[in-house]
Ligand SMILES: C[S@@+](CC[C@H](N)C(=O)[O-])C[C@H]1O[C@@H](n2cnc3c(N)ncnc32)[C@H](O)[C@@H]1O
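Below, in structure tokens: the form predicted alone, a single chain.
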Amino acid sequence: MNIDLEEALRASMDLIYGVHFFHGFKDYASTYFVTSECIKDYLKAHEFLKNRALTILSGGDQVFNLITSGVYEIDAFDSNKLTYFVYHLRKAMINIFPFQDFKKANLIFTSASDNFSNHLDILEKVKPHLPEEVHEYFRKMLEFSDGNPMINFESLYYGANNISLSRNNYLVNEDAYKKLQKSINDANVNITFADALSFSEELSSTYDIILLSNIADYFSYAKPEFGLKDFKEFITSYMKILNPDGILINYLYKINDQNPIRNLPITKEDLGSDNIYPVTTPIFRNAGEGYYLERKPKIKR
């Protein structure tokens, strides 16, 4: 994979002068450092094949959770190239830090109030496990941001807090985290930058698990006309590359009987309640969060 470090630095320096909000489906945009979806909920609630997965990359949590669940062949994609840097930084943190220190490092790196010397200390500790361009990217970004009150470094990221950390199966306890540490370097993770709306058409591989996160939610920011027909076409395009008895998951926010999916002009009834599963953790269940899951039928012989 070719990464243009200077391009990434220029784009990131522009971003941290901007508003901390969704920038659209661009090559460089604010990214989730830690997941906002309750991944552990849907990975523990369903039995599924564990051979090969396709997932959104984001900050890497989808990949880390899949590895912890026993999946070692993973294709990850994202339209946002900044995810490449965040993923490798967090993977290096997992290689280096014990359980509690890893969680602390995530909070430090996304804190507006933390001293930049703490960021640099983390960066130097994980350097042996970082691709050279990733270390250089964060080093230069931190130097650029340090001491400049006009710069909002944390606006590069969303989602790093103790609640979001608790949504991951590899962080439920120290044993789960150690399991990930032992297997993370054995997993084969391939990263591609691609547009989710068309990427499925470019793929020749098929998958047992497809995790689409809440991409469809964000389509409605960039495409206000995105509706039920578009959503079903989006899901269908990925079902075509799903193996028999495989599962496809799209995360949903604020979905319940009264409240439609955030920003999407679609109701629970439109999607079919048989395909909607609420999260079980009370704080998330009460917020009306859930996920849309479709299983591809087995081939009858």
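These numbers come from a predicted model, not from an experiment. Start at 1 and count along the sequence shown; that's the residue number.
There is another form of this protein, the form predicted together with the ligand, and it is not shown here; the text below is about that form.
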Sole residue of 110, 200, 79, 220 within 4.5 Å of the ligand in the predicted bound form, by heavy atom: 79
Among the candidates 187, 165, 215, 151, the residue which, in the predicted bound form, approaches the ligand to within 4.5 Å (heavy atoms): 215
Region of this chain that lies against the ligand in the predicted bound form, out of 35 to 43, 241 to 249, 268 to 276, 64 to 72 [heavy atom, 4.5 Å]: 35 to 43
Residue 196, heavy atom within 4.5 angstroms of the ligand in the predicted bound form: yes
Touches the ligand in the predicted bound form: residue 54 (any heavy atom, 4.5 Å): no
Heavy atom of residue 145 within 4.5 Å of the ligand in the predicted bound form: no
Partner proximity in the predicted bound form: residue 83 to the ligand, non-hydrogen atom cutoff 4.5 Å: yes
